[in-house]
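In structure tokens, one chain follows: the form predicted on its own.
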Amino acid sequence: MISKEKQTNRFECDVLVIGGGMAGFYAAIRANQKGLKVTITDKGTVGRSGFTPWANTFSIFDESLGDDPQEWIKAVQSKGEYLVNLAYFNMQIEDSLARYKELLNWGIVDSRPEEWDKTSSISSRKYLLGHDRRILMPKILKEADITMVQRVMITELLKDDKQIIGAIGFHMESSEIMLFSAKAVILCTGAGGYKAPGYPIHCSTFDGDAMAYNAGASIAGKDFMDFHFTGDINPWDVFQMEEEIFVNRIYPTKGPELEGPSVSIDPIFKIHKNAPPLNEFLPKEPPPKNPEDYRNKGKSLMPKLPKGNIVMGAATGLGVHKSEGIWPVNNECYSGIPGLYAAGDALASMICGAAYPSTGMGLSGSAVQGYRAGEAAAVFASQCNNSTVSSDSVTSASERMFAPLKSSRGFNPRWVNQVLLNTMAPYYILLVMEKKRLESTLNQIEFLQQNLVTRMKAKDNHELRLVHEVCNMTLNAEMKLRACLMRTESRGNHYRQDFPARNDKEWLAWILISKGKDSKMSLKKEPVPQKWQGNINEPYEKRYTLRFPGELEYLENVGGK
């Protein structure tokens, strides 16, 4: 049997953190501070995981600089189009400054002006190696005596009759079975997307969503899309990131403002109708050189634009930061499955609602939620007894994990992955949506699941990792398509050509996705609490200031406003 052919490397801990980005870093630190034994694992390397190396802004609430909590709440409700979870957004208000000060103390962020970089002959857009978070984060974890296990693809969460008791995966180089026993698990696995080959953020493939879904948790936020337009020269290179030797500096930013900019899908409409010139996407003035001025003036840091004519195609299917992932059943990052927590882009905390309201919320939200999840998981783990993973569970999980290596025939996962990307990446599937296109794409995804995904063959560990990633991405493709079909309205970054207006009567609600008893996907509405819905009696055009194409005409025809 496979489990006997492979050597098993066992790790025992109180809290297991899966994912080594900002959320995972903070989750591990906080659980460790509570006196528990912590292990953090990543399929790449800690500190270089997911979107963390590319983040360059960190939203901070600071009353000493004039920030008003009610103004922040009013702004995020408006820009998130009243699908914001204010319990989690209040965490941002309460904790973001403390988390930023910790990053300053650790040297992960630096408050000095850009001229400091120039004295070392380093481009002002590049970080000095001594302040590189990819180096400092692992160093800080090591100094805290937190076990780091890297280059491990986790494929499955392990459960007993009561709770999650660990996880299993394989080592990318040694092929060992990596068995983790834990009293609590925190998923900090990020989100994902359907990306052009060569896109640098390649490791985010919805792994946590898939594992949590299969373990019985609910998933949310699949009906709202972030996006990245690109150029027709090297379409994978969204911001000419191949020229970046070091990671970007992290700049402090304000939170949402009613009159300030937000990330809407308006550029999609422009590109869909007629690609505008590049200068329409350029910032009107460069950001200030002093990081503190950057925060105080609320500037937007726009990296270099892609080359060529603006088109869609770098990445689609990305969720709005912090609005996609494992649904929390309380205010402690808890999944509802005993022993399972989540943070960052793996948690559908809905602090942004239906659209990204301002820069910096992604990284700051990961730090805040990672800290909170680490604390909650530590409390749970401290009250638990050790659980033993049965040999039968290990054997069956190992069989499933390594099965593609044992197949005598099958499809190459690289080819299946490309078929999946070709199916999901076109902007007219998930960004400019319509019922017939969504149904047709769902039909294709179901065919892939039944006929290709189940028959992939891996020749080595790298292809085996891709097999599992393709499985996770295909499952999430089904989630996204079903959720987008279910939401028969347009709101925030969800645009339906056949329903181009908001429908507050039916859709002040989130969509939760879970695995039914028959193993089929089940979707249901979770209403937004009335106290978070804003003034529903406000005139439509005042309540919602951003217009979708055809919206007002549609409202006239259906008689609603």
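Note that the coordinates shown come from a computational prediction; the quantities given were computed from them, not determined experimentally. The first residue of the sequence shown is number 1, and the count goes up from there.
One more form of this protein exists, namely the form predicted in complex with a small molecule; it is left out here, but the text below deals with it.
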Answer yes if any heavy atom of residue 57 is within 4.5 Å of a heavy atom of the small molecule in the predicted bound form; otherwise answer no. yes
Applying a 4.5 Å heavy atom distance criterion, does residue 207 contact the small molecule in the predicted bound form? yes
Heavy atoms within 4.5 Å of the small molecule in the predicted bound form: does residue 203 have any? yes
Does at least one non-hydrogen atom of residue 349 fall within 4.5 angstroms of the small molecule in the predicted bound form? no
Taking a heavy atom within 4.5 Å as contact, would all three of 44, 154 and 321 count as contacting the small molecule in the predicted bound form? yes
So if I measure heavy atom distances to the small molecule in the predicted bound form, which of the stretches 7 to 15, 21 to 29, 536 to 544, 549 to 557 falls within 4.5 Å? 21 to 29
So the small molecule isn't shown here. In the predicted bound form, which residue out of 80, 339, 362, 255 has a non-hydrogen atom within 4.5 Å of it? 362
Can you pick the one in 532, 61, 499, 51 that has a heavy atom within 4.5 Å of the small molecule in the predicted bound form? 51
